[in-house]
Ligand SMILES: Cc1cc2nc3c(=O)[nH]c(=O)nc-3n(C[C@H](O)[C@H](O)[C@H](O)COP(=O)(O)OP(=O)(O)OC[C@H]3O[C@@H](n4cnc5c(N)ncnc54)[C@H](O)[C@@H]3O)c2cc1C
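A single chain comes next, written as structure tokens; it is the form predicted on its own.
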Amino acid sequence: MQTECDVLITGGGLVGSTLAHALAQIPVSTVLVEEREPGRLEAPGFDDRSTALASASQRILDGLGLWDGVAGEAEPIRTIHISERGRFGASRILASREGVPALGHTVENRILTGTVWPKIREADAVTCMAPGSLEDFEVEASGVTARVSTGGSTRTIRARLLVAADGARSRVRGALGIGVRQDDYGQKGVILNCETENPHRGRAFERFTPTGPLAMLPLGRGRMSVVWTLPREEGDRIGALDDAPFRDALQKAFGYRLGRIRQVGARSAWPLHRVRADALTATRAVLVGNAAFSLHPVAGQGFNLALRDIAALSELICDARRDDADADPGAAALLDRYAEWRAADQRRIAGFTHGLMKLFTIDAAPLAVSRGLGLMAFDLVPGAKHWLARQAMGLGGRVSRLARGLRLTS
């Protein structure tokens, strides 16, 4: 069996499925291959994993017709409080000062998945193969021929563009011969939800501790989403503690800005790396999301960066189709424009998050004092917080139509 399409996307997580939905708006014939069964969504629970969406990301989802399905469950971030444990100096970024209703939103991943997958399953332009597995592929000047196992059989897919959305350990990236540079931080991110004595009132916290950054983001039902960065062995030890001693350790690291931490949920721990692909494109292929750049979770930029990949790629394909209804989405000139557009944003955000992590994990006394002074100065210098706010909201550099609040096909 052979299927002809314009775009073959490997990886149907939040990145690949959202891209498939975006391409359906143009429309571009797309095959989406995902190894897992995405329809198995659990009922709402205390331990739901979540994602921080920047302001630009909310606009992108709105422009794609997805925000209405998310908005009712998304918790707005109205304030970001930045501090360092044991040092003077702090800074606050306020949505009201930036002239926006919210700096971003926190939303459970199941809400995002449960919004986008029903839409792509109904889209005439999208063929979903889930569960399905990409067995191998061959790249030629005119297109890509791939073999996909699904439903007990093997199907041949002929596409003009192959999109790798299969994560930081991308098999497709390796098969394309694209190398990576990796920074091993020697850390683990301990991820959980907790409940605090005082309501969060839309406040997010980025607290730098001697062991690494600790982020607490507002969630619905009075919860906070926690990403706690720790040295690898310490992360394993603390993550395995019973609830009471773990709660005490988290309280000591975070402090009492939200009163006592009353309840902590199940913990998961992940090794932290920065992975940077040597190239964003190859002949008839493009990398998006973590397959291109995988970031340290400080500042919560990973999925937001991926959504900007999606917005840029779909805009370029849309514009090409506006001029020529059969324009080739895998044309070398189009992929070159994509790489040029996205490289600057990726370098800026990767450098920003990497620099923050390194700066606040060096405990030399003179530098620690300078950091405190720097936070105080940052709070006072005109324009400094506005610049950081624009980065946090995803509005730095070249901004796509979707991120400006316009429809893709405008």
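Numbering starts at 1 and runs along the sequence shown. As the structure is a prediction and not an experimental result, all values here were calculated from the model.
Unshown form predicted in complex with the named molecule; subsequent notes refer to it.
Here the chain stands alone, but in the model of the complex its contact with the named molecule, taken as any heavy atom within 4.5 Å, falls in 50-58 among 66-74, 337-345, 50-58, 23-31. By the criterion of a heavy atom within 4.5 Å, residue 10 is counted among the residues contacting the named molecule in the model of the complex. When contacts are judged by a 4.5 Å heavy atom cut-off, residue 198 does not count as touching the named molecule in the model of the complex. Proximity of residue 150 to the named molecule in the model of the complex: non-hydrogen atoms within 4.5 Å are absent; the residue sits far from the partner.
Interface membership of residue 14, defined by any non-hydrogen atom within 4.5 Å of the named molecule in the model of the complex, is confirmed.
Between the options 134, 317, 103, 285, the residue in contact with the named molecule in the model of the complex by a heavy atom within 4.5 angstroms is 134.
Distance criterion of 4.5 Å from any heavy atom to the named molecule in the model of the complex singles out 302 from the list 302, 239, 143, 265. Of all the residues from 161-182, those having a non-hydrogen atom no more than 4.5 Å from the named molecule in the model of the complex are 165, 166, 167, 171.
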